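Below you'll find only one chain, the form predicted alone, shown as structure tokens.
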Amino acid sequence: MSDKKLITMELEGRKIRVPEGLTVIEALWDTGHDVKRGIGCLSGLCGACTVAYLEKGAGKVRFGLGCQVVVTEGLNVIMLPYFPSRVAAYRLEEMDDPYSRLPEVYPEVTGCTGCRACNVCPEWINVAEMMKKAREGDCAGATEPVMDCHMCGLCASRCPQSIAPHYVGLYLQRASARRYPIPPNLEERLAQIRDGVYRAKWDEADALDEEGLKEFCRRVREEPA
């Protein structure tokens, strides 16, 4: 049995006792919940495990990821389902300038009122500012903030105009990749991978056990670049 202090919290509408220091996902598993839907990377990258939570004594509900939010005494938390949003169909390879086509692909962007309700991002992206720049035609400026977006969809769940900022952001990311060429050093490395330059090292690493792999990684890190 764990010697960690037990705390009382409300999870999915039921009061439970769990060890202090667990994340929401770990608390669900600790109490026997067979959680499969809404679970992804467990590293705060995929955005699958969105939660809404109210801390003890707080007056405002907050949003985050279940794999990152740590449970505390009196915490009230629920898992949020996937939020349905419109996904536009487009072919970037047929566009000369994808940035200029944003109003055509996602015309709802022009209906953004700047209410800032979308600023609930667990990655602290200023979604409202991104939408403002996109609405004003500054697509290049709007792209950089959303590079850390992990598509959890919380911003869409809060928008009173039924806009899906995360899908707008995904379009901007793809448009940026289409507009700006790959750096020469990256293009060279990708060509080496395609040509199998590193195949022998991959095969060597694949055949190792855990201890051998650790030694292999140590040796590779010490090799000159």
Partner chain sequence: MYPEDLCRLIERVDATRAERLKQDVPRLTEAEQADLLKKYHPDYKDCAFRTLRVGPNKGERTTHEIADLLESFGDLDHSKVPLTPAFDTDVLVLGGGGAGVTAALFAGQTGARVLLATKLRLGNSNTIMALGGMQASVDRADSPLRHFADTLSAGKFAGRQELVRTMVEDAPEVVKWLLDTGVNFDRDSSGNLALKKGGGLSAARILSIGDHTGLNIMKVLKDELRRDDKIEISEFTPAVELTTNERGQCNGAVLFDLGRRRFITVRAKAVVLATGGSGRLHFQGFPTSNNFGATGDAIVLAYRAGARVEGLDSFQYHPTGVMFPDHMVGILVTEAIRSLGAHLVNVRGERFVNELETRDAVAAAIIRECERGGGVTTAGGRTGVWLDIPVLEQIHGAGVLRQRFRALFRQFMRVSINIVRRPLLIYPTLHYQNGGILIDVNGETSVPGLFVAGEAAGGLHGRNRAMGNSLLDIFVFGRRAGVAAALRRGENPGAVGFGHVHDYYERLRALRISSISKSPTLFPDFIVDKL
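Nothing here was measured: the structure is a model prediction, and the numbers come from that model. Residue numbers count along the first chain shown, from 1.
What comes next is about the form predicted together with its partner chain, which does not appear here.
The partner is absent here, but in the predicted bound form a heavy atom of C149, alone among V109, C139, C149, L75, sits within 4.5 Å of its partner chain. Contact between D97 and its partner chain in the predicted bound form is not found at the 4.5 Å heavy atom cutoff. Using a 4.5 angstroms threshold between heavy atoms, Q68 counts as touching its partner chain in the predicted bound form. Among heavy atoms of N185, some come within 4.5 Å of its partner chain in the predicted bound form. Although the partner is absent from this view, K214 contacts its partner chain in the predicted bound form, with a non-hydrogen atom inside 4.5 angstroms. The partner is not shown here, but in the predicted bound form the stretch 44-67 reaches within 4.5 angstroms of its partner chain through a heavy atom at G44, L45, C46, G47, A48, L65, C67.
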